[in-house]
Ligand code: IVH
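First, one chain by itself in structure tokens, the form predicted alone.
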């Protein structure tokens, strides 16, 4: 029987949690921190230390749950206590006045008191609290039923995981209640995300809403945590019903409960005051920290809301005024090509600089050749571009063909390294498959050094950046030629740490053929496929010489994967890289796996969480060998 934790430990854990909740509220909701990040981290690390030593004291509302756990197999569904309906839209002030007329006639009132709020451009979420603790986070879904994304929403720092009991009593709210609001990404967080994507050569996101919505609906909560999402609350329900007599009282109660809610809502006496609010915020919405695409207008009186009721799709007592999309015309002066981290070529329109929504726009991604052909776009054409909440604008259509228009053609050779560009008939992507291409170099090295690849501990982003920027490493084979004096001269490196890194690099030479195959970053070749290839071929050279029909003899390798492998080894630069690796001493041969029986043949196993005596990888290997 496990020994109970001392009372002093329990007390320290509770005090730490209370302090952390307070400082998260100051930082993420009020944007007014009282302590440094380092001081916050020290408290959080102490809490993790205590909870690791005493796992029986971990609770669902502990702040340590925010870091994001292991990926899940899928989402379960939850039925909403009250349907999460969408809103009807008004695109003009006349439409708003017509809606106001229907509201007044339906309620029998001469004048209606409205609440005007920002229309956040995000993803609607229901947060369900039980006994004061966040129990579930559920997406809107089809309105009646949503997806349970609880582990994901728990990573969002502006969502309190526990409600203060004293505040619940003060606002006369039971411990079981529901908060509805919008998960979104601030402009600052979105721009930081795209800067990071650009740095690693990853996908550039078109708008904050899609990247926020996508982050909430991924199966890996650590991705959600990394996106730095925010949550703004705007509804408060108990058993599917509004608790207060006025919507404005719900907004005030949400603030008292330490939820982030807009400070910019306004009580409007009639529709003309609403229209003035819409005009006012249209002029200054660019200065907000987040994107809004309109204004939500709600009848303030809950009694009148109930009297007006709903249509099949939307409440009659609320509507959304949508701001017009921000569009401008400009000329496409050129189309250039950018090479992403996977080697995919992306055409980019170089535009005559133009102001769109207060931002100077000079470039716009064209995504791929299919999009260029769909638009019928050529260099010299005048195009309509739109920036409606997007930081990155997109081309809507060609409005005027240029006099001396010139068609764009994808280059035959990579603009970064000169290697031949590969394109498979029927596929959208044009790709550079040179593993040492400068555009892919840093990402290729990081992948090569990864835990599931060559497992070179200590070779992280900052070290790789320096090695590449200083010209010390041009491809993964150059890692094995590094000298201690070169590594010790890097920022934040000393003689001992340089020595440790070089020992890790040297030790990686003894890794299996399967790890090396995976480490090369061949498209469609993951860890499982790499293992199967290593069991079939005796060396990297034998794999490189394999024909498509030979490769398809390997279990789970189909035409697409086989073609990708042949394509990779047909690139002369990759063949040269293999020779360099062999010369450096990286030349593993296959180790045939001994399978003792067929007891578990055809079965699938999934390991999640922590195992007591071995890693998940070791457990998987054990199952394979049974």
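Positions refer to the first chain, counted from 1. Only a predicted model underlies this, so the values are computations on that prediction, with no experimental measurement involved.
There is another form of the same protein, the form predicted together with the ligand; it is not shown, and what comes next is about it.
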At 4.5 Å between heavy atoms, only one of the stretches 114-122, 359-367, 414-422, 395-403 reaches the ligand in the predicted bound form; which one is it?
114-122
With the partner left out here, check for me: in the predicted bound form, does some heavy atom of residue 298 sit within 4.5 Å of the ligand?
yes
Tell me, yes or no, whether residue 182 is in contact with the ligand in the predicted bound form, where a contact means a heavy atom of each within 4.5 Å.
yes
Although the ligand is absent from this view, report whether residue 258 comes within 4.5 Å of it in the predicted bound form, heavy atoms only.
no
Check whether residue 266 has any heavy atom within 4.5 Å of a heavy atom of the ligand in the predicted bound form, and answer yes or no.
no
So which of 243, 162, 157, 140 gets a non-hydrogen atom within 4.5 Å of the ligand in the predicted bound form?
140
Only one of 518, 234, 129, 430 comes within 4.5 Å of the ligand in the predicted bound form by heavy atoms, so just point that one out.
234
Neighbours of the ligand in the predicted bound form among 302-316 [non-hydrogen atom within 4.5 angstroms]:
315
